[in-house]
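Here we start with a single chain on its own, the form predicted on its own, put down as structure tokens.
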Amino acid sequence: MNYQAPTTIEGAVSLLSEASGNTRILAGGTDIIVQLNGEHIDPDLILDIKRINEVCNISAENGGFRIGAGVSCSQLTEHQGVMDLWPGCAEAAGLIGSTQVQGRATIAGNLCNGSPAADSVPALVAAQAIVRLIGPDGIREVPVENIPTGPGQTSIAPSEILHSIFLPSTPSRSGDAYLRFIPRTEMDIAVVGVGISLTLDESDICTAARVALGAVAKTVLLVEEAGAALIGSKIDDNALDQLALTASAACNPIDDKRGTIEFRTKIAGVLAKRVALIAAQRARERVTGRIGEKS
């Protein structure tokens, strides 16, 4: 096994392009190290990107934030600007593993694992986050919902590196939230996860909404019908009931030891209502948009 730790993104892309056989990119390493120890993988090349400064920082950009692939969940949850602008995304990152794990784990790695139950991904999808991929042919900007293609699978080419994830600016009176259901109180995999972002006008009418569901299909789902159920409403009971119905209708889960199909389908609707109420309250509390420019 060959281990390389380049100090530039260009060097990393070059190494990856020239590599043959099975390769793994190491950002936090919280999954790869476990897989290596369990002899579940035997890569020919491990490419450690932690020494590339540009992927280990959070930077303000166009009123939003660019989060490098090497940024740990702890860095993210401790960044006040991100917490102010996208609290749901930050909170979702704070649910990945234990406190110790969060010191190394990254949302980029959480996304690249391709798990339908990844906590950070529904929140990122709801936030309309954009992934920057860099490969030998240049840069690709891809909506985060187009990255996972199935359990353990992504649309990232073998020669590409996930460089960063961009969280955009938001209009005034916007809010987001993420909740999950787990069998235990901590450190478990989501049985269902729901991320919602929305915007209210001055009359408290919802003008935009995105709803994303995790652990209820082969990939995280962006449910446009569920978002549409909120638009034009004041997030009232009728709208919330319609939201729950459309969220549950979009589910195509599996039966396993953590939850049945029926349970997951129902919980998706229940959680969606709760998440929408939290996101709406946060939107009402927001005085101005473009928080990212303050930090």
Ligand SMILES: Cc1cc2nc3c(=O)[nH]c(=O)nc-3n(C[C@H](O)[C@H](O)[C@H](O)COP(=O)(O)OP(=O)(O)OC[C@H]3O[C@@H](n4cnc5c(N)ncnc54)[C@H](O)[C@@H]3O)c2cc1C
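Numbers for residues come from their place in the sequence shown, where the first is 1. Source: prediction; values computed, not measured.
What comes next is about the form predicted together with this ligand, which does not appear here.
In the predicted bound form, this ligand lies within 4.5 Å of some heavy atom of A117. Of the heavy atoms in I278, none are within 4.5 Å of this ligand in the predicted bound form. R104 belongs to the set of residues with a heavy atom inside 4.5 Å of this ligand in the predicted bound form.
For the chain shown alone, V34 is a contact residue for this ligand in the predicted bound form, at least one non-hydrogen atom being within 4.5 angstroms. Between the options N113, S74, S169, S174, the residue in contact with this ligand in the predicted bound form by a heavy atom within 4.5 angstroms is N113.
Taking P43, G29, G259, P253 one by one, only a single residue has any non-hydrogen atom within 4.5 Å of this ligand in the predicted bound form, and it is G29. In plain terms, the part of the chain that comes close to this ligand in the predicted bound form, with a heavy atom within 4.5 Å, is 161 to 169 out of 142 to 150, 213 to 221, 80 to 88, 161 to 169.
In this stretch, 193 to 230, not one residue has a heavy atom within 4.5 Å of this ligand in the predicted bound form; the partner itself is omitted from this view.
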